[in-house]
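The data below hold one chain only, encoded as structure tokens and taken in the form predicted alone.
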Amino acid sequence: MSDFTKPRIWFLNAILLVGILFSLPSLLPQKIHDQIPSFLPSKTINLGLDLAGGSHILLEADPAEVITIRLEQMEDSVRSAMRKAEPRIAIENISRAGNKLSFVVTDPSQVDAAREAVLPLMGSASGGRDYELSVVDGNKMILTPTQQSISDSIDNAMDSAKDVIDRRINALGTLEPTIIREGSERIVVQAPGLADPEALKRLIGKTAKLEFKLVDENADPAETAQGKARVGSQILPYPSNPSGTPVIAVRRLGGIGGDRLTGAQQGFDSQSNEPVVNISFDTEGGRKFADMTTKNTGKLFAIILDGQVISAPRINEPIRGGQSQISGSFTVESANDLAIALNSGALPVELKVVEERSVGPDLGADSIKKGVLAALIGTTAVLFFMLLTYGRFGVYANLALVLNVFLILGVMAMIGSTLTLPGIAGFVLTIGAAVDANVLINERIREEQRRGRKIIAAIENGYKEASRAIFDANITNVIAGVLLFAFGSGPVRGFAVVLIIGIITSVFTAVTITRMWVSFWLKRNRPTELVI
């Protein structure tokens, strides 16, 4: 018991002090919390969706859209490969009907060359190629995506969508949202404490696919109004079209995608003072943007967001430097939302809200009250039991239990952990199990006494022998908690976090701290009799 040197004692007391300081902001009423000096910790424990209330939505992707996107990308690749072929290979009648990409090689003598140009584009997925290639009627080539490649594409798209949603919600300042995949085509999103669920839906529901394409100024306005596009053009919605026609014709190919963006920020137009989104491109994007605006000065170019034109300004001069501006009747809020969406990247596939559920804070407040009541009753019962059973050593165990509560809260606040309803269950469970270590130690000391050992030897051996069993038992519990955290999600992970923190702090207080106190008592009082 003599290994408690002064530096070690100061170190252990410092840990306890830090834990208490970090736990207090979560226990203080809001009025007092607001008056905490800036040099003291003020972070509080985050409350999960089930305690703080918030929004729960279920998003679903359309697999057909994933296939369409893949075929569009393949069409661009095929067109590019045919243009680059030497000699150039002319193709026509390109179609994506029936979830297949088909085209006709104009000169049948170039079919073999076309096949050689297409083969490198077919890639390979596990178990085979991404596409199956067939030639019919001598010069019509058909590319059909394999089922394995479709499954892989959907899986990759959903993983990417999950990451994008995570970045967007975190940009709102929401703490520890739960974002998990459900099945192959669904994603569950829970945002605790979010005051405006509609804002969450608007933000997540926005694909944020940004494109810059030239307006087809040669298109016939009458045909455009009827939805008829010329060859090489497409008709897109343009609700704020100054001409009054809610559609506009743009060139299908060319242009620049939003994947070249490096940043987006809400700002204000220097002339009109209207909210806009300032964007910047990477080096390659900036070069392409400068080329496009240089070659097409004087022409209209469309800014397209999620397949809808939001503005179509005229290029008055080349835009160099990789900087541009998106305007389009924004409010400050909608411009900020668009900036967040662009910064987090475009969703690889459109997601629709198929289920929405709001959790009110009243239910959480009731859960907290009941959880606190259960914790108080459990703690009080344990305190009485330990005091009546082990006397002085019971007092040490009780003090350690109280400090353990402070340390759990302090660590949770320190690391920004979220307390959920299952977390409260884990908290109460930890309190009940916290004195297990002291029961083992005290019973071991009694056993050493019965063997005739002297006081110091009995206490020393009691702590030494019991500590082995305590560490072994709790290591297995920590392993179980880590596995729950690794493979669980949402509330399960919340339970695991509280369990792991509680195990570590309870062992620390029950073994190390009580041993330090017992050491003090022995040195100061040098008792001749041990009552335990």
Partner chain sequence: MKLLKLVPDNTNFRFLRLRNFAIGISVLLMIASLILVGTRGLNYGVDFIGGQMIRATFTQTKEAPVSELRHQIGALGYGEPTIQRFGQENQISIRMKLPEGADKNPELANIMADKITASLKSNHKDVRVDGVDSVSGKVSSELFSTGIISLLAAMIAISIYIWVRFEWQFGAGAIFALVHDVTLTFGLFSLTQMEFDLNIIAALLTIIGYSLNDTIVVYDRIRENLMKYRKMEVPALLDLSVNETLSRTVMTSLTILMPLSILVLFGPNVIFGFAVAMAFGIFVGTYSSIYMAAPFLIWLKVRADSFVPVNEGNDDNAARMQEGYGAVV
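Numbering follows the first chain given and starts at 1. The model shown is predicted, which means the values in this text are computed figures rather than measured ones.
Below: the form predicted in complex with its partner chain, not depicted.
Contact annotation: its partner chain lies within 4.5 Å of heavy atoms from the stretch 435 to 443 in the predicted complex, the single such stretch among 262 to 270, 106 to 114, 91 to 99, 435 to 443. At the 4.5 Å threshold, heavy atoms of E355 reach its partner chain in the predicted complex. With a 4.5 Å cutoff on heavy atoms, D472 counts as touching its partner chain in the predicted complex. Using a 4.5 angstroms threshold between heavy atoms, L421 counts as touching its partner chain in the predicted complex. Put simply, E60 is close to its partner chain in the predicted complex: some heavy atom of it is within 4.5 Å. Among the residues K295, R451, R314, K84, the one placing a heavy atom within 4.5 Å of its partner chain in the predicted complex is R451. Among T389, S77, N241, N156, the residue placing a heavy atom within 4.5 Å of its partner chain in the predicted complex is T389. Contact check at 4.5 Å (heavy atoms) against its partner chain in the predicted complex: none of G19, I32 and D163 pass. Using a 4.5 Å cut-off on any heavy atom, the residues of 451 to 469 that reach its partner chain in the predicted complex are, in sequence order, R451, K464, E465, R468, A469.
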